[in-house]
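Given next are two forms of a protein chain, the same chain in both, each as structure tokens and marked structure 1 or structure 2.
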Structure 1
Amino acid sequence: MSALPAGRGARRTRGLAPTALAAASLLMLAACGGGSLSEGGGGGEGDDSGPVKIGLALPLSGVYSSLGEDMEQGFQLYLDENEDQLGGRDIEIISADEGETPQTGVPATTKLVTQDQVSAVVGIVNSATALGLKDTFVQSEVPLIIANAGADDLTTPPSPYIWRTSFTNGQVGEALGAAVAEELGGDPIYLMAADYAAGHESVDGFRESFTAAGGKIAGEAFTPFGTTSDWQPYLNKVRSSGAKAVYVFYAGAEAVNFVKQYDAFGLGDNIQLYGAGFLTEGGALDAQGKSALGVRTSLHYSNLLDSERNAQFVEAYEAAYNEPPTVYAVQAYDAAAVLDQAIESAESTDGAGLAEALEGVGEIDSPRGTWSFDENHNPDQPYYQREVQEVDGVLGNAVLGELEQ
């Protein structure tokens, strides 16, 4: 994993883990509940003459480290493009290793607030960790800009100290439902997901918009999270249900195994597979190979999105890191853009001052498409229907069109 260099204004005070092993790139998302509160306060010293301290809380080790690497690279690319400054101010980056679970992520991130006295924190992959940190940030009056974790409850109700540049699990599924109902023309669909919060939230969002558009459900199943390796019993139920399509939420290693088994079972020939975009994103698609051809998903980004803004971003990202950007990189890139606006307009760069400035952040000119925060501090953003295709000899998520919401 590349480090944030000690450039003209961005100063680094923590070392970073090395590049993750290939196997670690397969697990991509977790979402469940939790709760934690640490002593102490934060919010920086409000010193408007020196660098602004920003914490990066990312998984630098463990099974989520590939996501952490993508997010770190996205954040750094924005700094590279802006002379290592945000809002015209030099930035001091202090990193914390979120690791795999709240047991590592909560204390490591809390230290950024209580000891390192950062003015804001960016990151958090695991929703359980984010939920466990929510009270810490609110009570310490330090903004947390979530650049991945998708649990719906993180921003409901909204807090002036909790913002999100990624997604909610429910939104990703909900965006696709009406389009699938139209494509099926009255034929039923089968719903399947890992049995944890993210899976249920994604399926609930899809079901709501799908049935509202007249869609019919043939059946559903929730598979044990993290322990299911044989999907044949579930795929047998799909085959006998009369469904003409399947919608699923799987990520990481589960996504890889599910897609491969779905293809090997022969269902892809006559039962279209749909899913939340994490099903075929990044390392998961690399591992699935041609088994994923034809899979359709919804997500707020693809590196194949045809726009001038995205073309510029992809070119710069590939030049810097010799690999295509993922949705995780874009979410962190946009978190830097949000801070750029907030710091520029803030009367004070301590936590409270940045929280007030975040309320005034306007549109973000993003590679995903222009977006802004909604009333709950989530992105009001475009979602796209994507299909795995071979483009110029490489598998990718080709964009079929923007989804109506």
Structure 2
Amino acid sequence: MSALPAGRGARRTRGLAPTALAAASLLMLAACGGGSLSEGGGGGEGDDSGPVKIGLALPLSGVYSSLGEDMEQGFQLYLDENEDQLGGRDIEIISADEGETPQTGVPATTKLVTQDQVSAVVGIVNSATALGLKDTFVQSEVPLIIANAGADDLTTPPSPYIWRTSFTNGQVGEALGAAVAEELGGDPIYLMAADYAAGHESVDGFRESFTAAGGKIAGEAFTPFGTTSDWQPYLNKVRSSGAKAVYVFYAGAEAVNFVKQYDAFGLGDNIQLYGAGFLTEGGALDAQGKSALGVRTSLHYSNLLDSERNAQFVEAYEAAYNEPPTVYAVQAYDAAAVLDQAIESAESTDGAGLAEALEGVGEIDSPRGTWSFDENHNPDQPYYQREVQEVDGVLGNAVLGELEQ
């Protein structure tokens, strides 16, 4: 395992802020006479001489804003490493704020397709927002490269216009179930998650493999997404249920509050906390501090993954942003790598041309390990069990091993 990285510094020390990026792009569009208000199928102008317009739809506000910031940094790093080009073409980025829910994310992202006429969109953190956008992309024939949202239905059945460089929520939960059943040796577990598609799918995936391996469930609770600030009533139920462990799905600001309250309520010492790895990722772990020590999670990445490719990526990312990379940054970095290959081989760079080229994308040389798309357009990839440990005064997600799938 590679050494734990130096402590996190101030976030974003390099690269344009997304809002500045958006303003710059819109100015450029106005100067070029672009930004047509027409609603057109096919997406993008397919102009094979000028820059290729790519939409970046990420949460810049709300409980998932830190995830959006990491993703913007990951995408930008790939551009920095490739002279601001993808597939040998100049790129024009047009940013949109996904916000917290479909009420903000669906209209902001739809505008990228109908008004800005981008050739493809990268991003989308929230599963409910992605589900609300799927038909727009399919009907407009513009590819959406999902760089986080894990809802299973987004890629089942697969569409030529929907691709994903992240994970499915069910897979992340399912990967951990059998290992936890073995660790608990028949003791019951309590399940808890944010009450929307991602939370339910994560818990369903975990429950399936956990019970198949003989695990017992003590109870379950789903907490209102984005509005829960006090978990004490739910933690009371955990305590009285007789559970010896808890599995949860929380990310971003919800993950911070949940883990801190779990520890402050005195559960941390007696009832082992497990979760999908978003629980202790990046800025969430920074804010949780020592209250997260010992939390065990499943994920397809840790910045502590021991490989030459990851060490090279971590070094470049830390040099650019003065903080270690996260899974969110890697997913967006890889989305840029996917577009790099697709644009390189595309016969035309409008939406339909890029969708066709995406079918031919091969292996992605990723910091998480080399992966390629499966038949549903999701990454075919391993998942790891991780544990929050402190080494030389720095907290990180140490990799315990690869999980059997």
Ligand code: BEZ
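None of these values were measured; they are calculated from a predicted model. By rigid core we mean the largest C-alpha set that fits within 1.5 Å across both forms. Numbering for residues begins at 1 and runs along the sequence of structure 1.
Correct structure when looking for the form predicted on its own: Note: form predicted on its own is structure 1; the other is not.
For the rigid-body movement between structures 1 and 2, give the member of Ala221, Glu208, Gln381, Ala316 that sits on the hinge. From the list Ala221, Glu208, Gln381, Ala316, the one at the hinge is Gln381.
Measure the rotation of the smaller rigid part relative to the larger between structures 1 and 2 and give it in whole degrees. Turning angle of the smaller rigid part: 15 degrees.
Core superposed first, then measure: what is the displacement of the CA of Val256 between structures 1 and 2, in Å? Here Val256 registers a C-alpha shift of 3.8 Å.
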